[in-house]
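Next up is one chain by itself, shown in structure tokens, the form predicted on its own.
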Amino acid sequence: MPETMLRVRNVQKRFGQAFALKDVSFEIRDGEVLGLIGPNGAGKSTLLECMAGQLPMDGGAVLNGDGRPVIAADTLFYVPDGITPWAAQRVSWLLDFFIGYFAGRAELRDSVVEQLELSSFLRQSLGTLSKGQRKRVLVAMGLLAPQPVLMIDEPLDGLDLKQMQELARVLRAHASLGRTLFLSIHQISDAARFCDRFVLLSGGRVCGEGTVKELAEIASARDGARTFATLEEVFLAIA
């Protein structure tokens, strides 16, 4: 079993008197693809933003494997959903600037461009691209980041089925080389295709963590030994 890389412990976030996150705890293991799944409003983006240091937590901490607090900028790189950074700049400029500014993985630039099929629009500005093309550029930036843990909010959003399958293959390939991925995915069936384990988030709380098999066993224990065939069924039974 891979070693525990990060321990998220009792994270809380309030907006006014309402809790967006309540005592959220789970583990991220070295080299895994961990899926964060849940409906809209579950708190997925808020959790990623808190872990990345973009939002202050109202309680809890992110710790490394031996229990020491993590410095987010040294360990985690976060790719938000729906952003268009430096929209007027060409994609090639963006990748080179990103590598230089963040001390990124320059040795991976050409292979990432090829894997994500960016070559045909490297000379276009980011703001002129389609939603799916912009998403692939953002994922490329994440893969070129130097931090060992890459968090991406909705990596499959804006992609067609073939592009989803290709991106899943690319992300799995980078995980096999030692990169740890934590991905927020709205569509549970998409997450089930390529994530190793899952954190189920509902109403700002973790309602389950584990592989599909482990989660199905939890659901069966709660629902009279009923058999669950899919991750969607498991989530609905546990959440």
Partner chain sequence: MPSPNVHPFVWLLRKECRELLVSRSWWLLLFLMGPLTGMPYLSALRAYAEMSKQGGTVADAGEVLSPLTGVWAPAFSGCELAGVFLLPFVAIRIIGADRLSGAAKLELQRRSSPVSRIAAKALVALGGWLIAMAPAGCALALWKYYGGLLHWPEVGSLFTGHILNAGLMIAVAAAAASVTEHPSTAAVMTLGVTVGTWIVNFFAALQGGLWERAAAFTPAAVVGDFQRGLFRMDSTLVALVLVLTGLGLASIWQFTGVRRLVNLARSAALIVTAVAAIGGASRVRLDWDVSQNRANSFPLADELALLRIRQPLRIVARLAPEDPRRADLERNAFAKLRRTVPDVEIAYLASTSTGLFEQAAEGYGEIQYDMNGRLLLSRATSVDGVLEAVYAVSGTEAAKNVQEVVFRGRPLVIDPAGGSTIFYVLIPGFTLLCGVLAHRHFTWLPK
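Residue numbers count along the first chain shown, from 1. Just so it is clear, the structure is predicted and the values come from calculations on it, not from any experiment.
The form predicted together with the partner chain is left out here; the points below concern that form.
Put simply, of A168, V112, L159, M141 only one has a heavy atom within 4.5 Å of the partner chain in the predicted complex, and it is M141.
Among residues of the shown chain, Q187 is not one whose heavy atoms approach the partner chain to within 4.5 Å in the predicted complex. Residue contact check for L118: none of its heavy atoms lie within 4.5 Å of the partner chain in the predicted complex. Under a 4.5 angstroms non-hydrogen atom cutoff, the partner chain in the predicted complex has Q54 among its neighbouring residues. In the predicted complex, the partner chain stays beyond 4.5 Å of every heavy atom belonging to D30. For the partner-free chain shown, just Q147 of 146-185 comes within 4.5 angstroms of the partner chain in the predicted complex, judged by any non-hydrogen atom.
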